[in-house]
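Below you will find one chain, with nothing else, as structure tokens; this is the form predicted on its own, and questions on how it binds or moves follow later.
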């Protein structure tokens, strides 16, 4: 009787026992922080212990905060510049390395993809040296070309700082997108190209009417992932500009503003409202894809 009862209890509760580690970790490191940050958005804080309930005042001030809109503008400009170069460049590399005319394709595929493996902090430190005013590789090469010393302040100038950030990001991510496009290109039915060639279609016509529709789901996926990732940008500009927001706040992104507000200013409540506004922006982007029907192809 006792053994039958134990077997019955084991059959009923053992699934919960096996699932419990995941549930505990999920609640501890995801659900609780999300709930806590949502509640903090309604408080003004001075450190973790001094809290004053102010309702929606953090969100009201957010719409009047000049620095927040500078961060939004910088991030949006970065997204536009980054994707307008990354997507065509990655697709072009994928088409090139998918061609049988290129030798050692496996080597070049790995070479381009390997830049994605090093991480944003490493890339930021490397490009800080490459773009250094004195002794930097870029200025050194330009000096050899023009025949005299060139000292362009790539990181210290507000406009060039944004360009430098985009260049560093492209070096890191072009190979990553290339692999996705390469897989998509190899999945396109080759019979379609042969039939189009027989009908007299040129290379450009085949690209527009066969390649683009064939890789459309991956293309939209990479655009969406690129937008979301760009809005979460933090480590690369923060390290590139030596733990600052860059010259004239040129490197100030939404996440870096959140970090400065929370851990340098000590206002965790206002930082939480910035974080939830970022969540809202990302959800609006995803919702836009769904409204216009792009989500069905991703």
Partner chain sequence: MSLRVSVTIALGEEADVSFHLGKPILVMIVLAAISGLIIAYRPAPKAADLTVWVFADSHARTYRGDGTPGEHTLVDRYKEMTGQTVQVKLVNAQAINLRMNAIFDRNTNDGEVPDLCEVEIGSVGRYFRPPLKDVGWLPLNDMLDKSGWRDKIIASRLATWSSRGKIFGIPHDVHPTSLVYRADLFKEANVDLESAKTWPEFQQKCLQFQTYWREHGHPNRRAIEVQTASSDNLIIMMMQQHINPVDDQNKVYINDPRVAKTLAFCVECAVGPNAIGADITPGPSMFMRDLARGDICVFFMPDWRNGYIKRGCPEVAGKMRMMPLPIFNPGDARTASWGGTMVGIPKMAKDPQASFKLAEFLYLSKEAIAARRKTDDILPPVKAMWNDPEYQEPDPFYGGQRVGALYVELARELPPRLVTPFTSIALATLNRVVHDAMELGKEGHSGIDLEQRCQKLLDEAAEDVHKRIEFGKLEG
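No experiment lies behind these values; they were computed from the predicted model shown. The term rigid core refers to the maximal set of C-alpha atoms that superpose within 1.5 Å between the two forms. Positions refer to the first chain, counted from 1.
Absent from the display: the form predicted in complex with its partner chain. The rest refers to it.
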In the model of the complex, the residue from 151, 99, 84, 186 that sits within 4.5 Å of its partner chain by heavy atoms: 151
Interface membership of residue 197, its partner chain in the model of the complex, 4.5 Å heavy atom rule: no
is_contact(residue 67, its partner chain) in the model of the complex, heavy atom dist at most 4.5 Å: yes
Any non-hydrogen atom of residue 132 within 4.5 angstroms of its partner chain in the model of the complex: yes
Contact label in the model of the complex: residue 39 to its partner chain, heavy atom within 4.5 Å: no
Segment that reaches its partner chain in the model of the complex - one of 187 to 195, 72 to 80, 143 to 151, 203 to 211, heavy atoms within 4.5 Å: 143 to 151
Heavy atom contacts to its partner chain in the model of the complex at 4.5 Å, residues of 223 to 244 in sequence order: 238, 242, 243
CA of residue 21, rigid core aligned, shift of 2 Å or more between the shown form and the other one: no
